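Listed next as structure tokens is one chain, alone, in the form predicted on its own.
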Amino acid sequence: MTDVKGLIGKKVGMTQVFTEDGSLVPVTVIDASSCTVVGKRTPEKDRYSAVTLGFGEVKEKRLSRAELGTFKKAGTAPRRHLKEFRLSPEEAAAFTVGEPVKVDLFTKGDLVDVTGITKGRGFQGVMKRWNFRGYGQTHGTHEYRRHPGAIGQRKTPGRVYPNKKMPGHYGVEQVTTQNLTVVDVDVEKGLLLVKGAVPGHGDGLVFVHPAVKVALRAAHVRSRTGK
């Protein structure tokens, strides 16, 4: 099992910072100040090792009795969002149920993957939804500039294939942006500054993981070199 750590956060918005050499870097601010450990999974009981994190305050009346019982049994305040992060048994032993998880899990210069739900854009055509080129504007072209073109195959098979790229609802999909650099970490305020844009709107929920490709590359190097 690959050791994975992560945080639950809220996308605050975008700003910019200046590096030591004077370069301007656009960054996304992620607030992970209310991230708390609300449960653990152990190999002896659950056959795998993980830590359950909770994020965001919520009123008790918005939760079911089963959900409230889970939080009271753990001795933690109710949280709006929950997510499990797989860890090795050694790493999971370092976490205690009820303690906050701070952004110092990551350091300046780390590469991370950020997962979020993209903005909803309603019903869109093929040019915006699938990046179609459109039809050429020539003499004789009449109201056909943004059309998708033919979608069938004559008499045989006489139908439209499944998964055909056509107009429809665009957005509100889970997307992961990979290999983003951590520009700065503010432990006191619980803020994480990540270079570039991340999926979602302001106040949207995001999950921050260490970059998967970096871990896979390091594992590949270790397997080849034996170090």
Partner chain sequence: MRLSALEYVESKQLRKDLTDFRTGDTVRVHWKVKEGEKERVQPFEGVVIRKTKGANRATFTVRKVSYGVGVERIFPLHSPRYEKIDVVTRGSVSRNRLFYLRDLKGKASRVDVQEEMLEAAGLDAAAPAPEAAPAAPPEASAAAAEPAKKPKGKKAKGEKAAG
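Numbering follows the first chain given and starts at 1. Computed from a predicted model, the values in this text were never measured in an experiment.
Not pictured, yet referred to below: the form predicted in complex with its partner chain.
Q.
Can you tell me which of 44-52, 22-30, 160-168, 174-182 lies within 4.5 Å of its partner chain in the model of the complex, counting heavy atoms only?
A. Single hit among the candidates: 22-30.
**Q.** Contact flag, residue 67 vs its partner chain in the model of the complex, heavy atom cut 4.5 Å
**A.** No, residue 67 sits far enough from its partner chain in the model of the complex that none of its heavy atoms falls within 4.5 Å.
Q) Contact between residue 211 and its partner chain in the model of the complex at 4.5 Å, heavy atoms? A) No, residue 211 is distant from the partner.
**Q.** residue 189 within 4.5 Å of its partner chain in the model of the complex, heavy atoms
**A.** It does: once its partner chain is placed as it appears in the model of the complex, residue 189 has a heavy atom within 4.5 Å of it.
Q: Tell me, yes or no, whether residue 193 is in contact with its partner chain in the model of the complex, where a contact means a heavy atom of each within 4.5 Å.
A: Yes, residue 193 lies within 4.5 Å of its partner chain in the model of the complex.
Q: For the heavy atom contacts within 4.5 Å of its partner chain in the model of the complex, list the residues of 51-73 involved, in sequence order.
A: Residues within 4.5 Å: none in this stretch.
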